[in-house]
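One chain comes next, on its own, written as structure tokens: the form predicted on its own.
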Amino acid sequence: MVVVASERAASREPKYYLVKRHLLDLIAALPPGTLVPTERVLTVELGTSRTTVRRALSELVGEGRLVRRHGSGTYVAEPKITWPLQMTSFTEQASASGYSTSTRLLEATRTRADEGIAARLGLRVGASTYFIERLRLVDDTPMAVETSHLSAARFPGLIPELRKKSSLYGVLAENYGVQPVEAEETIETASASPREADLLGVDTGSPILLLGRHSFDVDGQPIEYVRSWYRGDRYTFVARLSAHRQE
């Protein structure tokens, strides 16, 4: 009875998913960087269509288990980075997990707050703000594109100071005596635009984890609004939750 039920369940699985499960078993035994068989070879070995194999491979690439290298092939991906959601800087979080980090400043300019940014920073529409865009690298691999918005009036001279140091939170603490103590964070899924894909070294349309963080100081005043585009194939975000005890 159990065997029959299992066979019936398997028969209802899409063909590509059977191929995907076979590939999962295969790559589980292989070290990162191993070249996996080509679509043509897998089609022959598994006795299925090339379209079915291609879909299974595409899903595994999207999940970050495999990585495609143009002109070279498909390889077993590096393990995902486990990234705790905490009120710390990118640099501090990476260092605590044993990774080395670097930052490439892409743009740092003064601009005018639109309605959305003004509301988040507690400013009038058109007030002077900073727009800061940075590329974040972990162990020399591009991992995230980050854009930050801050009040220019509250943090005068921020851009020259940021050019000297890579940590924005470090500059805020050392030069302005401001430290984020609370934040509202959102996580969405998105697809990499051509520009994001180029910066992160992934294909256009690759899965991206889009984080939005609205941070506040000890007095509840808004400090920064930041949006970060993280590679979906390399990150697993972790949040620690606890229930309120009932008296």
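Between two forms, the rigid core is the largest collection of C-alphas that superpose within 1.5 Å. Everything quoted here is computed from the prediction, not taken from an experiment. Position 1 is the first residue in the sequence shown; the rest follow in order.
The same protein has a further form, the form predicted together with the DNA, not shown here; the description that follows concerns it.
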Thinking of the DNA in the predicted bound form, which stretch from 218-226, 186-194, 61-69, 23-31 has heavy atoms inside 4.5 Å of it?
61-69
Residue contact check: H214 to the DNA in the predicted bound form, 4.5 Å heavy atom
no
Evaluate S206 for contact with the DNA in the predicted bound form, applying a 4.5 angstroms cut-off between non-hydrogen atoms, and reply yes or no.
no
Classify Y235 as contacting or not contacting the DNA in the predicted bound form by the rule of any non-hydrogen atom within 4.5 angstroms, answering yes or no.
no
If you check in the predicted bound form, is T74 within 4.5 Å of the DNA, heavy atoms only?
yes
Would you confirm whether the three residues P156, R163 and N175 all fall within 4.5 Å of the DNA in the predicted bound form, going by non-hydrogen atoms?
no
Contact set, 148-172 vs the DNA in the predicted bound form - heavy atom within 4.5 angstroms
none
Honestly, after the rigid core fit, is L23 moving at least 2 Å at Cα between this form and the one not shown?
yes
Post core alignment: S58 C-alpha displaced by 2 Å or more between this form and the one not shown
yes
Superposing on the rigid core, I want to see if P37 changes position between this form and the one not shown - specifically a Cα shift of 2 Å or more.
yes
